[in-house]
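What follows is one chain in C-alpha coordinates, specifically the form predicted alone.
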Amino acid sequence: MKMIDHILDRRSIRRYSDQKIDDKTIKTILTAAMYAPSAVNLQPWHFVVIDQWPIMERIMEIHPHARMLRTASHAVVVCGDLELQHDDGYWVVDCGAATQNLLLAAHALGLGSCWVGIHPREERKIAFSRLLSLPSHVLPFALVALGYPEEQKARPERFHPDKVKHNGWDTSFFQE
(Lines give C-alpha, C1' and ligand atoms only; values in the text may rest on other atoms or scores of the structure.)
Protein backbone atom coordinates (compact mmCIF):
# COMPACT_ATOMS: atom_id res chain seq x y z
CA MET A 1 0.00 0.00 0.00
CA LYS A 2 1.27 3.46 -0.85
CA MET A 3 1.85 6.00 1.93
CA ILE A 4 -0.93 8.26 0.67
CA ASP A 5 -3.37 5.33 0.89
CA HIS A 6 -2.41 4.75 4.54
CA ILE A 7 -3.22 8.37 5.27
CA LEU A 8 -6.49 8.45 3.30
CA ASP A 9 -7.74 5.07 4.54
CA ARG A 10 -7.09 5.53 8.27
CA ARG A 11 -10.35 5.58 10.25
CA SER A 12 -11.35 5.69 13.87
CA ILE A 13 -11.90 2.09 14.92
CA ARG A 14 -13.96 1.41 18.03
CA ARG A 15 -14.26 -2.40 18.01
CA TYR A 16 -11.26 -4.65 18.48
CA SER A 17 -10.54 -8.39 18.58
CA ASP A 18 -9.20 -10.02 21.73
CA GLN A 19 -5.68 -10.34 20.25
CA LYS A 20 -3.10 -8.43 22.32
CA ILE A 21 -0.53 -6.10 20.78
CA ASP A 22 3.05 -7.12 21.57
CA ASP A 23 5.52 -4.74 23.22
CA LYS A 24 7.71 -4.50 20.09
CA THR A 25 4.75 -3.18 18.07
CA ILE A 26 3.88 -0.67 20.82
CA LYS A 27 7.51 0.53 20.75
CA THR A 28 7.36 0.95 16.96
CA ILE A 29 4.16 3.01 17.23
CA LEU A 30 5.64 5.21 19.97
CA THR A 31 8.85 5.65 17.97
CA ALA A 32 6.78 6.99 15.08
CA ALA A 33 4.97 9.33 17.49
CA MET A 34 8.30 10.67 18.73
CA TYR A 35 9.40 11.43 15.17
CA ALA A 36 6.66 14.02 14.80
CA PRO A 37 7.69 17.62 14.20
CA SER A 38 7.73 19.93 17.21
CA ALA A 39 8.50 23.60 17.74
CA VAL A 40 12.27 24.08 17.93
CA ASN A 41 12.47 20.25 18.07
CA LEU A 42 11.88 20.35 21.84
CA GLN A 43 9.61 17.27 21.75
CA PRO A 44 7.50 18.23 24.78
CA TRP A 45 5.63 14.93 24.96
CA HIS A 46 5.35 11.92 27.20
CA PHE A 47 3.30 8.77 26.62
CA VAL A 48 1.55 6.65 29.23
CA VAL A 49 0.88 3.14 27.91
CA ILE A 50 -2.03 1.39 29.58
CA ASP A 51 -2.80 -2.32 29.34
CA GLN A 52 -4.34 -3.10 32.72
CA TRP A 53 -8.09 -3.65 32.79
CA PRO A 54 -8.79 -1.79 36.08
CA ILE A 55 -7.22 1.37 34.66
CA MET A 56 -9.14 0.99 31.38
CA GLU A 57 -12.36 0.61 33.39
CA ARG A 58 -11.60 3.74 35.37
CA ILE A 59 -10.92 5.68 32.16
CA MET A 60 -14.31 4.60 30.80
CA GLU A 61 -15.91 5.92 33.99
CA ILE A 62 -14.23 9.34 33.77
CA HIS A 63 -14.42 9.84 29.98
CA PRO A 64 -17.86 9.70 28.34
CA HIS A 65 -16.47 8.74 24.90
CA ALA A 66 -13.93 6.04 25.83
CA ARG A 67 -16.22 2.99 25.68
CA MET A 68 -14.08 1.42 22.93
CA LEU A 69 -11.53 0.59 25.64
CA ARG A 70 -13.81 -2.32 26.59
CA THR A 71 -12.24 -4.32 23.72
CA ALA A 72 -8.96 -2.43 23.17
CA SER A 73 -5.64 -4.16 23.74
CA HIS A 74 -3.93 -0.96 24.88
CA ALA A 75 -4.49 2.72 25.41
CA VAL A 76 -1.94 5.48 25.15
CA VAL A 77 -2.34 8.82 26.88
CA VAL A 78 -0.36 11.49 25.03
CA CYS A 79 0.83 14.18 27.45
CA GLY A 80 2.48 17.56 27.04
CA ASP A 81 5.29 18.83 29.23
CA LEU A 82 4.96 22.54 30.01
CA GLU A 83 8.64 22.69 31.01
CA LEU A 84 9.74 21.40 27.60
CA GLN A 85 7.46 23.36 25.28
CA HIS A 86 8.93 26.10 23.10
CA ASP A 87 6.52 28.80 24.29
CA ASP A 88 3.15 29.02 25.96
CA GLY A 89 0.63 26.81 24.18
CA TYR A 90 3.00 25.09 21.76
CA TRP A 91 2.68 21.77 23.60
CA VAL A 92 -0.83 21.38 22.18
CA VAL A 93 0.32 21.65 18.56
CA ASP A 94 3.31 19.39 19.17
CA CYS A 95 1.21 16.73 20.91
CA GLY A 96 -1.32 16.89 18.08
CA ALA A 97 1.43 16.06 15.58
CA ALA A 98 2.70 13.21 17.77
CA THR A 99 -0.83 11.83 18.13
CA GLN A 100 -1.35 11.89 14.36
CA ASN A 101 1.93 10.05 13.81
CA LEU A 102 0.86 7.47 16.39
CA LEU A 103 -2.48 6.93 14.62
CA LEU A 104 -0.87 6.60 11.19
CA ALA A 105 1.79 4.17 12.47
CA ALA A 106 -0.88 2.00 14.09
CA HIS A 107 -2.84 1.89 10.82
CA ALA A 108 0.29 1.09 8.79
CA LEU A 109 0.94 -1.86 11.12
CA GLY A 110 -2.57 -3.25 10.64
CA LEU A 111 -3.96 -1.98 13.93
CA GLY A 112 -7.09 -0.02 14.65
CA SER A 113 -7.01 3.16 16.71
CA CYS A 114 -9.28 5.89 17.95
CA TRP A 115 -8.29 9.37 19.17
CA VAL A 116 -10.37 10.47 22.15
CA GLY A 117 -9.95 14.09 23.25
CA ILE A 118 -8.85 15.08 26.72
CA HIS A 119 -7.53 18.63 26.14
CA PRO A 120 -9.05 21.27 26.38
CA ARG A 121 -11.65 19.87 28.82
CA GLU A 122 -10.38 20.85 32.28
CA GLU A 123 -12.44 18.21 34.09
CA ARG A 124 -10.93 15.51 31.88
CA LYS A 125 -7.41 16.83 32.31
CA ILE A 126 -7.81 16.87 36.09
CA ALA A 127 -9.29 13.35 36.17
CA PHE A 128 -6.55 11.86 33.96
CA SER A 129 -3.81 13.69 35.86
CA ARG A 130 -5.08 12.21 39.11
CA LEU A 131 -5.62 8.72 37.71
CA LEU A 132 -2.13 8.54 36.20
CA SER A 133 -0.35 10.51 38.97
CA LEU A 134 1.04 12.99 36.45
CA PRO A 135 3.39 15.70 37.74
CA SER A 136 1.87 19.19 37.69
CA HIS A 137 3.92 20.30 34.65
CA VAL A 138 2.70 17.37 32.54
CA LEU A 139 -0.81 17.70 31.08
CA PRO A 140 -2.85 14.96 29.40
CA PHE A 141 -3.70 15.81 25.80
CA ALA A 142 -5.31 12.79 24.15
CA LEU A 143 -6.28 9.21 24.74
CA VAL A 144 -5.66 6.74 21.91
CA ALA A 145 -7.28 3.31 21.97
CA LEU A 146 -5.33 0.59 20.14
CA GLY A 147 -6.19 -2.93 19.07
CA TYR A 148 -6.55 -5.34 16.20
CA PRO A 149 -9.61 -4.11 14.30
CA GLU A 150 -12.87 -6.00 14.49
CA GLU A 151 -14.43 -3.66 11.93
CA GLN A 152 -13.49 -2.19 8.56
CA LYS A 153 -14.52 1.24 7.34
CA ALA A 154 -14.55 2.48 3.76
CA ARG A 155 -12.80 5.65 2.69
CA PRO A 156 -15.32 8.51 2.54
CA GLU A 157 -14.94 11.54 0.27
CA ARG A 158 -13.50 14.30 2.42
CA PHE A 159 -11.80 16.57 -0.11
CA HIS A 160 -13.72 19.83 -0.50
CA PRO A 161 -12.23 22.23 -3.07
CA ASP A 162 -14.33 25.10 -1.69
CA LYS A 163 -12.20 24.98 1.48
CA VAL A 164 -9.03 25.81 -0.46
CA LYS A 165 -8.32 29.50 -1.17
CA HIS A 166 -5.66 31.08 -3.37
CA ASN A 167 -3.55 34.03 -2.23
CA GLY A 168 -6.30 35.24 0.08
CA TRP A 169 -9.86 34.43 1.06
CA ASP A 170 -11.74 35.68 -1.99
CA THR A 171 -10.32 33.39 -4.69
CA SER A 172 -10.67 29.63 -4.93
CA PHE A 173 -7.47 27.71 -5.63
CA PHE A 174 -9.38 25.33 -7.85
CA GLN A 175 -10.98 27.16 -10.77
CA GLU A 176 -13.93 25.41 -12.41
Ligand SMILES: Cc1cc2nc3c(=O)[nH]c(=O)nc-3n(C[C@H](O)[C@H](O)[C@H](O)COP(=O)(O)O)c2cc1C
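Quantities reported herein were computed from a predicted structural model and do not represent experimental measurements. Residue numbers run from 1 along the displayed sequence.
Keep in mind the form predicted together with the named molecule is missing from the figure; the text below concerns it.
Stretch 65-73 is the answer when you ask which of 50-58, 28-36, 132-140, 65-73 has residues with heavy atoms within 4.5 Å of the named molecule in the predicted bound form. Taking the partner from elsewhere, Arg158 is found to have a heavy atom lying within 4.5 Å of the named molecule in the predicted bound form.
The closest heavy atom approach of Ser12 to the named molecule in the predicted bound form falls within 4.5 Å. Not displayed here, the named molecule is kept clear of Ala127 by more than 4.5 Å at the level of heavy atoms in the predicted bound form. Shown alone here, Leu111 lies farther than 4.5 Å from the named molecule in the predicted bound form, counting heavy atoms only. Of the residues in 97-118, those that come within 4.5 Å of the named molecule in the predicted bound form through at least one heavy atom are, in sequence order, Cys114, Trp115, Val116, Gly117.
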